[in-house]
Structures are given as C-alpha cells and as structure tokens.
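Next up: a single chain in structure tokens, the form predicted alone.
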Amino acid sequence: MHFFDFGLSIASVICVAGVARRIALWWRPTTKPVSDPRPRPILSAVKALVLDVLLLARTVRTGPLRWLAHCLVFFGFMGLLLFHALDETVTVSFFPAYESTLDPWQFLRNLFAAMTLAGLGLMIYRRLAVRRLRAVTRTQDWAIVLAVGCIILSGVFLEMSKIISPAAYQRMADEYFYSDNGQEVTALKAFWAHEYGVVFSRRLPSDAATLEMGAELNEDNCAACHADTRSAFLSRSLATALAPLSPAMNTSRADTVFWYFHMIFCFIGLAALPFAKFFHPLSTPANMIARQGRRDGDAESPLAQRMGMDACTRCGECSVRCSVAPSFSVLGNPDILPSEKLASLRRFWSDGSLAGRPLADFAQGSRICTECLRCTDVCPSGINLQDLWMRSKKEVARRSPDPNGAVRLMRPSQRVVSFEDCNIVPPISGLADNAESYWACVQCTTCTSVCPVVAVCEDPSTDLDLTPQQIMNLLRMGLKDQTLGARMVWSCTTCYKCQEHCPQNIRVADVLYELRNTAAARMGCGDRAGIDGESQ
C-alpha cells in the first residue's frame, strides 16, 4: 500500500472512531433530572450559524485583535481545506476546469496560507503579551498552534521545492511536451528557469531569441496547466530567498522530503482531531448552533452541558474577565479561573477521578465563584458556564466540604478568643494595619448598600455580625482583632462591588480578603485543635 493511502487510512480510522466516541458521550444516560429548556424557533439556529459560526460574531466582543486572528485562521484554513486538500471532491465539482497550478487557485492557495500564518502569529502574540492569558496557556494550546503551523509551513516549503525542482519540471515535460529537438528542449528549460524559477544543474542560455522560443513552446504545451509561479507569491518569494541553497535541495530531492513532512503533519492533525482542544472545530460550532445565540445562564439539558464542556477552545477570555481572578493572584489556585475550572469539572463529572488536592482546589474555585455571569456572557464558544457552575456546586460541596464552615459556625466571641493570642500574619498584608488604607472613609455605607452578601441576609447584624462599613470603622479605631471574628469576613464573596463603588477609593474588598488571610494564618499557628473543640 502506498504511504499516502496507508497514512490516510490510519489517521481517518483514529479520527472517525474518536469523534464518534466523543459525540456518543454527549448522549450517555444520566441519573440527574433532565430540564426542559424553552424551545426556540429554528430560525434562531440558522442565525447562530451565520453570525456566531461563520462571521465569528461572539469573538468580536472579546476584542478586534482576537477576532482578526481567528478570522484569518478560520477562513485561511477552510480555504486550504476546501480548495486544496479536498480539491478533487469540492473544487472540481463547482469548477470543472480546475487545475491546482493555474490561477486563481495557485494565488488563492498562497493567500490562504499567508492568512493562516498571520492569524497564528497574532494568536502567539496575544498568548505572550496578555499576562493573565499567558498564565492559563497550557501545552495543548501551543500544540494546536504548532500543528496547524507545521501543516501550513510544510505545504509552503513543498511548493517552494517543486518550483525550483528540475525533477518536477521533467515530470511535467514528459507528460505534456513531446519534442526530440534539442534546441526546443533547451529553449523551454531556459524559459522555465528564467520565468518560473526552476533551478537546473547546468547554466542555460538567456538570450532574447531563446527565451522567445521557450515562451512560444510554453504557450503551446504548458500554459494550459501551469501559470506563472510569481502568483504563488509566498512559495516563489521563499524560493528566491533560499536561492543559494537550491542546488543542494535539488540534489537531496527536497520536494520529496517536504512532501513526506507535509503528509505526516496532515495525518497527525487529522488523527488528533478528536482529542483535547483539537476537537473544538467540530464541537464549538455544534454548541453555538444548539445555544442559538443565547448568552443567559438558564438551566440546560445534560446533552447541552456535555456539548458545552467539549466546545471550550481554551481561549482564556473567561479567565481574563473573571471577577474573582484577583483571588488567583493571591491563592495561586488555577481552578479559580473559569477556563481551568472547566477542565477540572470535566474530570469531576466524567470519571470521578478528581480527588485529593485537585478536588480541594476545584472545590475552592467553586466556592469563590460569585456567579456574576461574566464568563458565560463573554465566552466566544457560547458555553453556558453559569449553568455548569450552578449544577456542580452542591455536589462539590458534598464531596469537599468548606474548611471555613467550622469557623462560620463559631460564635463571634469564640473566634475573637481564638485569634487574639496569635500574631501570625499572612504572606501578603499591610492594608488592615495601615491607617492610610481607610483614613478617607466617611462611613457613607455605600460598601454595605452594594454588597450582595448583605443584600441576601434578612438580619445582617445576626447573620454577618458586622457590615463592611462597620468593619472599616473598627479598623479605624485600631480594633483589628474584633473584626477577625466577624462572619462578614468569612462570608465575603470578593465580588469587589464594595471596592468598585466606594466614592473614596478605599480597597474594601482587599482589606476584607487580608483579614480572612490573617485569621486563616493564625488558625494554623498551633491552637487549631482548641478552636475545633470550642466550635462543637
């Protein structure tokens, strides 16, 4: 069996089997109650196909640079797939006179390759330039960029090596040029060397008469199937740049070597399609059509939830805009960020393999989430992340209880006594002990008025002990230890609304967070057993 047929068969079997398995998992039985989402007209699905899938409308909301990068890669790669890789199936069906070496196809092939490479370049730039995006970038994110880049670059090098190859020219001449006249053979070679960039091993005449004869022979025998290679602007420019290496490449049959490289990279890309992030070219459009353009966090069916988890492209936009992302900077727990938490949720639900420290980290990320809907609203893949977080919270809390629960159950007097004899401070501190942090506080109660925790309490004085404004007041009076025992410190969701709305620009949320860290650090200073004992 030929190498191409063998490789294509193996890659296709892996691809089809893997894709079938991934899709079958979307429909696996569940014991959870199945919700009944509100049906929407089929026109909404068509609208989502056009706007969200073809025009990448959701990606526009994440920034023009990202939209441009994805448009270049999407349209460039799809152009190569349809008009190059599947040319005998797709292109010939619509354009019977199609020849890959004629224009506009030769020009379009280079244009699509240049678009894809430019898009990949922009993606790499964003991954390196955006600090928070760089923090969530993993090996699979670079792997897909590398795979696509290798496919495109090996194709460009393959075309370049064929342009300069006398062997490729001879195959064409043997098939289309029938002449035993030595002068005509030399004239045609001279024309191709001068105009099409073929690098022959011996020097050929370049006088006007010879080139004119070669041009006539080319017009009669070759022009119907071969356009000027200058339209292949990417490959021809590369051939010109590597001209000093042309004799060595021709001697080593670089065209054959690059053909094998190109085929191997294509087979790897095809076989990898069902795995990890490589699956998103199939799952993301399916999820967008299923969501029909919605950005709400309403409950979804198990099928929609599984499809959504597979649709993640790991673009990191949800993590960049996450309202509790500052907590990641302090705690270093990646499961605080939506993009990382989604990967853990997949393990949590799929095979139950999440346990130990990974489960504790995932549970912490689940508790810190404020369900602000930002991740769902901004997700370019249309994933209903809000519904996934809400559905998993109860089960996560059952399997990994909140360690702060015991502290919350203590009476305020117990917590104050527990903390007052210990002077341990957290690694990051300085706000609560510095009067300048809240000297401008005018006790306007804005922080308390916008606090969602206060809003859901029927009696804040009982449920929270102290409001944010009262805590700031105690700190101003130097009563820091009194604040450590307040339930408000432990109930703060770090949504930062208090800090964002404070007219005096006081870092209320940061102060509350520091107080919680201080209390947690003191709990570990050797008297924890006593605390647990008192709390019961």
Partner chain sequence: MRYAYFPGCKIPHHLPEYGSSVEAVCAALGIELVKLEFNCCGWPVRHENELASIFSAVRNFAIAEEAGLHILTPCKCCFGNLKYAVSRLEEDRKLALLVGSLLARDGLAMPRSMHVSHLLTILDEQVGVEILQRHAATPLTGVKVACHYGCHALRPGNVTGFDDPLAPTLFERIIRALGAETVDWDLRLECCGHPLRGRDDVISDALMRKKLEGAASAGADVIATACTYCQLQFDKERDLLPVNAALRQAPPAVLVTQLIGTALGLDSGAVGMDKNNIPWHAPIL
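Numbering follows the first chain given and starts at 1. All of these numbers come straight from a predicted model, not from anything done at the bench. Here the rigid core means the biggest group of C-alpha atoms that line up within 1.5 Å when the two forms are laid on top of each other.
Form predicted together with its partner chain: not shown, discussed below.
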Practice prompt. May I ask you to choose, among 329, 206, 201, 93, the residue with a heavy atom within 4.5 Å of its partner chain in the model of the complex?
Written response: 329
Worksheet, complete the sentence: Picking from 373, 147, 276, 225, the single residue whose non-hydrogen atoms come within 4.5 angstroms of its partner chain in the model of the complex is 373
Worksheet item: In terms of non-hydrogen atoms within 4.5 angstroms, which of the given stretches 300 to 308, 138 to 146, 244 to 252, 448 to 456 touches its partner chain in the model of the complex?
Response: 448 to 456
Worksheet item: Mind checking whether each of 62, 280 and 284 has a heavy atom within 4.5 Å of its partner chain in the model of the complex?
Response: no
Item to complete: Could you confirm whether residue 398 comes within 4.5 Å of its partner chain in the model of the complex, counting heavy atoms only?
Response: no
Discussion item. How about residue 482 - does it come within 4.5 Å of its partner chain in the model of the complex, if we only consider non-hydrogen atoms?
Written reply: no
Worksheet item: Would residue 507 show up as a contact with its partner chain in the model of the complex if we use heavy atoms at 4.5 Å?
Response: yes
Worksheet item: residue 126 near its partner chain in the model of the complex, any heavy atom under 4.5 Å?
Response: no
Fill in: Partner contacts in the model of the complex for 501 to 520 (non-hydrogen atom within 4.5 angstroms of its partner chain)
501, 507, 510, 513, 516, 517, 520
Discussion item. With both forms fitted on the core, check whether the Cα of residue 452 differs by 2 Å or more between this form and the one not shown.
Written reply: yes
Worksheet item: Does the C-alpha of residue 493 move 2 Å or more between this form and the one not shown once the rigid core is lined up?
Response: yes
Fill in: Core fit, then residue 506 C-alpha moves 2 Å or more between this form and the one not shown
yes
